[in-house]
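Only one chain is given next, in structure tokens, and it is the form predicted on its own.
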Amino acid sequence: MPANITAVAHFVPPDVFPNSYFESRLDTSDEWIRTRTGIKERRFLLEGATSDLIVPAAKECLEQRGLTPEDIDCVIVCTVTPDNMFPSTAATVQRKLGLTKAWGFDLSAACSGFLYGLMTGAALVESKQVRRVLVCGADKMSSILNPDDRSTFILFGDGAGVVLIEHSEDNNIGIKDSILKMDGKGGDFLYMKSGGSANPPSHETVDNKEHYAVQDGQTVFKSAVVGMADVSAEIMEKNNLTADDITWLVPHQANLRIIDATARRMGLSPDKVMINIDRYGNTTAGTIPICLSELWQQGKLKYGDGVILASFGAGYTWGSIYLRWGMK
């Protein structure tokens, strides 16, 4: 029996920060941001932590399925902005939701975190280790952004998406295949220098602003264009898929030009590509589940639809998942 997404929901903070917010603070403009990234606005969580983004979305997933917190067996939190180094944010979410019978853990794979977490949760369900898994993709990126750094501050936003994974009795739907990759050589181009055991926090690391995300934008962009497009084309070829077999490409929302390049490589028309980067920016592990949730809410996902998820992120980590939508 295949693993299947049986509920999906998302949460974004209410506070909107349009491009004009940055014009008086940085050497940038609304036109510069829009033409290079596709972003018009993003959301920042002014109070609270990553778990506070997850909890409302997770509650909605339970409501969709008519489940109680005791019905959940496992919770996986995909994030690079955990509430704390420890305990895990999964443990915090478990406590806040009252998931008294669930175990779980955090998973760190940056922008590819949700794909890694989705396949991990699917494997747990398919092996019958658990019945129901909440996979949460969430980041409070505003907590690790340098407000003086134009190369990062304008790109990211805060948000969370959550899916529930269960068995399906229908072998024609559910998660069909995945290709997940990693290349640690990419770690030099997108990272946070201090805060871990290699460079523990100190007065010096704080003074030097080493607890913020750092990105070599051009290098990451070039790698992402190739990586995300190649892996998406690869999973289509592996499964003998044509553009006619795909209802939606749901790509990581890092840059509109990367998304467009991926769609072209797959031979997909723009009307088959989910885009919300204009409204939320890059919410890292949150982008793909937020996209899925919005598609579902808008009635644009139908039972049996062919969907390809694709991402590229720090590590480098990247990958693609092919699924047949299984919610009615």
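Every value quoted in this text rests on a predicted model; they were computed, and no experiment measured them. Residue numbers here begin at 1 and follow the sequence given.
Unshown form predicted together with ligand UT7; subsequent notes refer to it.
> Is there a non-hydrogen atom of residue 195 within 4.5 angstroms of a non-hydrogen atom of ligand UT7 in the model of the complex?
Answer no; every heavy atom of residue 195 is more than 4.5 Å from ligand UT7 in the model of the complex.
> Residue 257 versus ligand UT7, in the model of the complex: is there a non-hydrogen atom within 4.5 Å?
Within the cut-off, so yes.
> Is residue 146 close enough to ligand UT7 in the model of the complex to count, meaning some heavy atom within 4.5 Å?
No, residue 146 is distant from the partner.
> So, residue 51 and ligand UT7: in the model of the complex, are they within 4.5 Å at any heavy atom pair?
Heavy-atom contact with ligand UT7 at 4.5 Å: absent for residue 51.
> Considering 120, 81, 108, 215, which brings a non-hydrogen atom within 4.5 Å of ligand UT7 in the model of the complex?
By the 4.5 Å heavy-atom cutoff, the listed residue in contact is 215.
> Taking ligand UT7 in the model of the complex as the reference, which of 164, 190, 229, 102 has a non-hydrogen atom within 4.5 Å?
Filtering the options by heavy-atom distance leaves 190.
> From the candidate stretches 297 to 305, 61 to 69, 22 to 30, 42 to 50, select the single one in contact with ligand UT7 in the model of the complex, where contact means a heavy atom within 4.5 Å.
Answer to the contact question: 22 to 30.
> If we check ligand UT7 in the model of the complex, which of the residues in 312 to 326 reach within 4.5 angstroms of it by a non-hydrogen atom?
In sequence order, 312, 313 come within 4.5 Å of the partner.
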